[in-house]
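Only one chain is given next, in structure tokens, and it is the form predicted on its own.
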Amino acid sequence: MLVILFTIILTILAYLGARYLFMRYKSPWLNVVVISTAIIIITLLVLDIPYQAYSQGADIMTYLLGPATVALAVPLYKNRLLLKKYGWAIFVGIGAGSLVSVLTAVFITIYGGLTREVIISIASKSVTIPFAVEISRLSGGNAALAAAFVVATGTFGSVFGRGLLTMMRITDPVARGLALGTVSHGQGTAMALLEGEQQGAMAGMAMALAGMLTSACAPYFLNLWIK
């Protein structure tokens, strides 16, 4: 019980410390997920705490992802007029972004000569882990590998996403939020929320809708295309 309590406190403190650094210096290189993960790993190694012990506390915190995701509906409700105004464009944009994300990942890995398991596992890299794991299982991929690709994609998007959008002179809050949520799921949504409520609301909706669209279509097309 003490180990579980310690791992929960460690995770919270690591997150708060990483978030403080990011908010103070505003550098994309001070990614909250990367910094907090590094702090946790180093602490576990120094104290010789096995991952199995840490995972017991992590499982409790993972359960809270559900309520946290549902809470994204609050800023979405506040900006519901945007949905009425740009509804069709939003749906088409998220659908196109999800399709391009899957196709580019699949084509690159196919031409790279990687195995079928890796190709299927990376296809769902731009949706949240629960969606990605189920898509991978249904299609014959590796769930653990799929989760790793999701984390890597979210981290990359949260570090470089806003800078790339600015470089391409995309300043509209709706467009920025949709892009970050569609491609970089939870981590992208977190970064969008830092920009503003509109960006966060659009990113949260994009994350949910992209997950549903990808999970509905990807298993069928992956089993059809990749033999």
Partner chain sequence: MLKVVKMVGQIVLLWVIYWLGNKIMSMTGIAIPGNVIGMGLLFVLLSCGILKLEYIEEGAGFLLKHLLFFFVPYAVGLMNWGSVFYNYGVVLFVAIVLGAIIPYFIVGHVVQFFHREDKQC
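Just so you know, these numbers come straight off a predicted model, no measurement behind them. Residue numbers count along the first chain shown, from 1.
As for the form predicted in complex with the partner chain, it is not shown, yet the points below apply to it.
**Student:** Would all three of 82, 195 and 200 be in contact with the partner chain in the predicted complex, where contact means some heavy atom lies within 4.5 Å?
**Tutor:** No: none of 82, 195 and 200 comes within 4.5 Å of the partner chain in the predicted complex.
**Student:** Does the partner chain get within 4.5 angstroms of any non-hydrogen atom of residue 41 in the predicted complex?
**Tutor:** Output for residue 41 is yes: heavy atoms within 4.5 Å of the partner chain.
**Student:** Is residue 56 close enough to touch the partner chain in the predicted complex, meaning at least one heavy atom pair within 4.5 Å?
**Tutor:** Taking the distances in the predicted complex, the answer for residue 56 is no, it never comes within 4.5 Å of the partner chain.
**Student:** Examine residue 64 and determine whether its closest non-hydrogen atom to the partner chain in the predicted complex is within 4.5 angstroms.
**Tutor:** Contact check for residue 64: yes, within 4.5 Å of the partner chain in the predicted complex.
**Student:** Residue-level contact is defined here as any heavy atom of the residue lying within 4.5 Å of the partner chain in the predicted complex; does residue 27 satisfy this criterion?
**Tutor:** Close contact is absent here: in the predicted complex, residue 27 is far from the partner chain, nothing within 4.5 Å, heavy atoms only.
**Student:** Note that the partner chain is not shown here; using its position in the predicted complex, name the residues of 7-39 with a heavy atom within 4.5 Å of it, in sequence order.
**Tutor:** The stretch 7-39, when checked against the partner chain in the predicted complex, contributes 11, 12, 15, 19, 32, 33, 36, 37 at the 4.5 Å heavy-atom cut-off.
**Student:** Which is it in the predicted complex for the CA atoms of residue 39 and residue 195, closer or farther than here, knowing they shift by 3 Å or more?
**Tutor:** Note: Cα gap between residue 39 and residue 195 widens in the predicted complex.
**Student:** How does the C-alpha distance between residue 210 and residue 79 change in the predicted complex compared with the present structure, closer or farther, given a change of 3 angstroms or more?
**Tutor:** It is closer: in the predicted complex, the C-alpha atoms of residue 210 and residue 79 lie at least 3 Å nearer than they do here.
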